[in-house]
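Just the one chain here, laid out as structure tokens, in the form predicted on its own.
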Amino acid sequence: MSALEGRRGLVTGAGSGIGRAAAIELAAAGVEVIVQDLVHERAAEVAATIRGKGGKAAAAAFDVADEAAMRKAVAAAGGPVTLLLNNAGIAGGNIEFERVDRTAYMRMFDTHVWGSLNALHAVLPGMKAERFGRVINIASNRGQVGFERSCHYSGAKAALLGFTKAWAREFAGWGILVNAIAPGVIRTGMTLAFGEQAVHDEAQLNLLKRPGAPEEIAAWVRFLMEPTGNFTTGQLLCPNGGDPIVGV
């Protein structure tokens, strides 16, 4: 039996890609999953898939930046939500600096940055009451080294790295561990929106010469949330095929 059996978890942006794979992976470990997504049909499909496999899941469709909706979804879980995957995000569009206006900037930061803070606000009381919590922020290799287009995307992902380190320090005393995962190019609906060739070309920048699969990232999410991650907090995990290799 998994150590996560019976715990409640919130996965944002769980209607597709990494979030979908992670929600299914956590449900397989016995987690009761809140499947959050902006699109009702996507959230409902993932929740139904989990239930069809014998797991427990509830669909919750709303904008991750909506405070009232976030609190309502967490309250409906019926008990403390002690696992949080901040995955909801939008693509940067590969646009030049001159095209990043205030509307594009605010939408990017509302989704990635405020949305993540909003989710933690909602679940933190339950984590503190349990003196247990696991928080994972999905960042990006572009938040580590930048990108020549979509600076607002790189900036938002970099902000999540700052959140990770600050939250790890602030909440360690409550038994709450906070980490980040910075994937490289992953084969998802979001990346494929730029076309198969674009995904292929970006994959050629890494050492393995292939895109990752959402399930590969989901496996690391479970690793960090299981007891295997109990001595890890404030850290950045980089399943990126070797693009980039940074640090010491």
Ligand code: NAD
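The numbering used is simple: start at 1 and walk along the sequence shown. Keep in mind the model is a prediction, meaning the values are calculated, not measured.
This next part talks about the form predicted in complex with nicotinamide-adenine-dinucleotide (NAD), which is not shown.
Please check if Gly89 has a heavy atom lying within 4.5 Å of any heavy atom of nicotinamide-adenine-dinucleotide (NAD) in the predicted bound form. Residue-level check for Gly89: yes, a contact with nicotinamide-adenine-dinucleotide (NAD).
Considering non-hydrogen atoms and a 4.5 Å limit, does nicotinamide-adenine-dinucleotide (NAD) approach Gly54 in the predicted bound form? No, Gly54 sits far enough from nicotinamide-adenine-dinucleotide (NAD) in the predicted bound form that none of its heavy atoms falls within 4.5 Å.
If you check in the predicted bound form, is Gly195 within 4.5 Å of nicotinamide-adenine-dinucleotide (NAD), heavy atoms only? The answer is no: Gly195 has no heavy atom within 4.5 Å of nicotinamide-adenine-dinucleotide (NAD).
Check Leu38 for me: does it contact nicotinamide-adenine-dinucleotide (NAD) in the predicted bound form (non-hydrogen atoms, 4.5 angstroms)? Contact with nicotinamide-adenine-dinucleotide (NAD), yes.
Just to confirm the contact call: exactly one of 72-80, 105-113, 124-132, 171-179 touches nicotinamide-adenine-dinucleotide (NAD) in the predicted bound form at a 4.5 Å heavy atom cutoff, so which is it? So the stretch in question is 105-113.
For the spot marked by Glu96, His152 and Pro244, is every residue within 4.5 Å of nicotinamide-adenine-dinucleotide (NAD) in the predicted bound form through some heavy atom? Checking in the predicted bound form: none of Glu96, His152 and Pro244 is within 4.5 Å of nicotinamide-adenine-dinucleotide (NAD).
So which of Val64, Ala218, Ala27, Ala47 reaches within 4.5 angstroms of nicotinamide-adenine-dinucleotide (NAD) in the predicted bound form, heavy atom to heavy atom? That would be Val64.
Sort through Leu205, Met190, Ala58, Ala213 and report the residue having a heavy atom within 4.5 Å of nicotinamide-adenine-dinucleotide (NAD) in the predicted bound form. Partner contact (heavy atom, 4.5 Å) among the options: Met190.
At 4.5 Å, heavy atom to heavy atom, what parts of 150-188 sit next to nicotinamide-adenine-dinucleotide (NAD) in the predicted bound form? List them in sequence order, or say none. Residues within 4.5 Å: Tyr153, Lys157, Pro183, Gly184, Val185, Ile186, Thr188.
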